[in-house]
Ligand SMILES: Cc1cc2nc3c(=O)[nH]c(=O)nc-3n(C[C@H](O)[C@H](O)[C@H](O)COP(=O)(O)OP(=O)(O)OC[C@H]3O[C@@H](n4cnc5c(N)ncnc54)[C@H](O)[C@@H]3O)c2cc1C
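In the block that follows, a single chain appears as structure tokens, in the form predicted alone.
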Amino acid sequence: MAIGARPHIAVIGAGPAGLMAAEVLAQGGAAVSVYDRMPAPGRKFLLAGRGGLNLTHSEDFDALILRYGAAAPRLRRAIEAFSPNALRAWCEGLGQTTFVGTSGRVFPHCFKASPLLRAWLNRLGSMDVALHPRHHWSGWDDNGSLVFIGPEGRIRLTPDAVVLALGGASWPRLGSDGGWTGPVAKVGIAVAPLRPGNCGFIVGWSEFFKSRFEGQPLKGIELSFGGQTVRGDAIITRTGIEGGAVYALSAPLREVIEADGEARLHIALRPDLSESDLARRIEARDRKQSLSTFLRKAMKLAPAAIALLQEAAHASPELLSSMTSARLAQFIKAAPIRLVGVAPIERAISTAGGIHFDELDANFMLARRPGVFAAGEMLDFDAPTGGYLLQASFATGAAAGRGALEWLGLRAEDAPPAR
């Protein structure tokens, strides 16, 4: 680098982590180039916006940080530095005000990602951040240069620092296909296998059930597994079950299925009623009325919920119609569903696994590659739904940007991530 010249930093990946790193770096005085294999930046970020763009969560910090499980101690400093409040202030600096929903989740008032992304890209453009789409990173050459396959063929770059922010492996058609694991592992960096996070599961539904109820919701249910209970909604798929309540339990369910080949999930279809209340109502029913009619009218169960009870009963030694009132109440309160597999990672909301934190220093720099930093979903953490993944992606992107500035001798404190 020539005396007086601005250091050049390459950011690989144009998702939330990469773009946040680029902003911090540009504010700190670096010349920044962002490379991404897709035709346009933020593809998966835009997909997240289809569900309302849950940016972060408003819960107390000590509760929030525990959501990251074993990775919490390694993420704490980054999230403290770029907290949920800082993320909200940053959004509002881009003209997108936010609000806290009834669940404590934080959303932009517009409920979309596109206005926020447009404003963000305009800001980065005003900072002279250069975006290079359709550039696929294939690793390092023998001299340590970055190698890209771009529209004009193979190119090599030797920037002053690098931030890797290539995402996980879910929704690969949007850019994050996990292809980076090969080049990273090739240079000796330990990578935990990428696995589905916040994912659906496979159930051996009967042909009638999956053809009749595929896509049907199960609303206001309660799921139980391993001593944890979650209320919410789920969706019946042709191959199994997915949805918000399922995602909340996906990490422990996945671990058990990987170890034992199956897991038993219990679904309460009327979680608002006690088992004794259910039994009394069932005992008092008019025996002239069919069971399905009674369940639909008196118990307020949707057809999909009734069919789910039938599926659970068929998998047990007894039929639903032959159950005693007490046993049927138990089934409504905890219908056992046998999960026999994890849905493919391509359909998962997020990814677990990635670069081991032991490979990184406190500033997210790779010990085996000085001057190379890593951020976002390519790190080895598993975040539940609720805004936690985006919060960690933004925060680690900002932390990696600050780390790169410090490594280059620039003043990271002059580059706050919020305006």
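Keep in mind that this is a model prediction, so the values were computed, not measured. In this text, residue numbers run from 1 along the sequence as written.
Separately, the form predicted in complex with the ligand exists; it is not shown, and the next lines address it.
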query: Location of the ligand contact in the predicted bound form, chosen stretch of 59-67, 364-372, 43-51, 24-32 [non-hydrogen atom, 4.5 Å]; finding: 43-51
query: Single option in 90, 331, 225, 171 placed near the ligand in the predicted bound form, where near means a heavy atom within 4.5 Å; finding: 171
query: Non-hydrogen atom contact residue 38 with the ligand in the predicted bound form at 4.5 angstroms; finding: yes
query: Contact label in the predicted bound form: residue 17 to the ligand, heavy atom within 4.5 Å; finding: yes
query: Touches the ligand in the predicted bound form: residue 389 (any heavy atom, 4.5 Å); finding: yes
query: Partner proximity in the predicted bound form: residue 163 to the ligand, non-hydrogen atom cutoff 4.5 Å; finding: no
query: Heavy atom within 4.5 Å of the ligand in the predicted bound form - qualifying residues of 171-203; finding: 171, 174, 175, 176, 177
